[in-house]
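Here we start with a single chain on its own, the form predicted on its own, put down as structure tokens.
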């Protein structure tokens, strides 16, 4: 049995609303679920909460009228398709409404179940096709941007390696201090290049859907304790304290390698962008059938104008570049994709100068 089509009916006239509902009840091969409101403001709120498949919108409402109704609906409904309802003498207005963004118009006096079903189905399919085309354009734009960023990021270490080799060829080999300096530079850039390639491969794996191939029930506390052990010496060298609590008997459903990657990236950033004498704390709590993990630090925080870019591939904060903190700018992008591939969500709060809190959820096992 196919799922019912969810309709949001925006109609302030009770008789017209009853008339439309009666027509839809006569449909034999389609089931409808109808939610009715009598104002555009109520419709915009309802659409956000329930995400109907389609909206049937009267053009004359107590808080909106005519094409102004359509313009507000176009902005408020977003990708939800909507059809306008007009009177017998307002077909020209219906045509104008379509030009303003409505999928179609229906004349109330000419309605029957077949006509509504065809119009609704056409509106849904047309919107779906438009969304798919928009998503395709977005993916293509992201791919072009990714290739451009990769080219730029690869060029930097390769240029440095080439310059060091040329300096060695021009006489640096005969001078031991100079030779050691350029060899060390080549080693650093080679390590950076290897890390960059490894993280780009991780991004490619995530984009292709390769992540999450082996989800299983995991003891979260065991993995977190191992993570603290792995970072103990690094944190001690930076005079940063590490702690974790709330993980007793916490079990999540995830790929073990990817959970380690998520925790590693967030913990490493919490140490890297912390202050001498600061702290990193990892906590967990159950919430709505999921486990929410939080990695908190007392570090430098993230500038407000940079927060929208924080998960963008290759983005590095001004602080990171000014302090020459090592990194590729891919860690948080990888982390976000990894969390989402494992059925979770990643978000953060940050107070510049005081620290950040990165939260992610995973299904509870």
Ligand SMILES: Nc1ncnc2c1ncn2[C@@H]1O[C@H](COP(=O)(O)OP(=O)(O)OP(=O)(O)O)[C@@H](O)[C@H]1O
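Positions refer to the first chain, counted from 1. The model shown is predicted, which means the values in this text are computed figures rather than measured ones.
There is another form of this protein, the form predicted together with the ligand, and it is not shown here; the text below is about that form.
Heavy atoms of residue 269 reach within 4.5 Å of the ligand in the model of the complex, making it an interface residue.
The ligand in the model of the complex is approached by residue 310, whose closest heavy atom lies within 4.5 angstroms of it. Although the partner is absent here, residue 195 sits close enough that one of its heavy atoms falls within 4.5 Å of the ligand in the model of the complex. The ligand in the model of the complex is not approached by residue 360, whose heavy atoms all lie more than 4.5 angstroms from it. For the candidate spot formed by 297, 316 and 331, every residue has a non-hydrogen atom within 4.5 angstroms of the ligand in the model of the complex. The stretch in contact with the ligand in the model of the complex, judged by heavy atoms within 4.5 Å, is 331-339, chosen from 49-57, 64-72, 32-40, 331-339.
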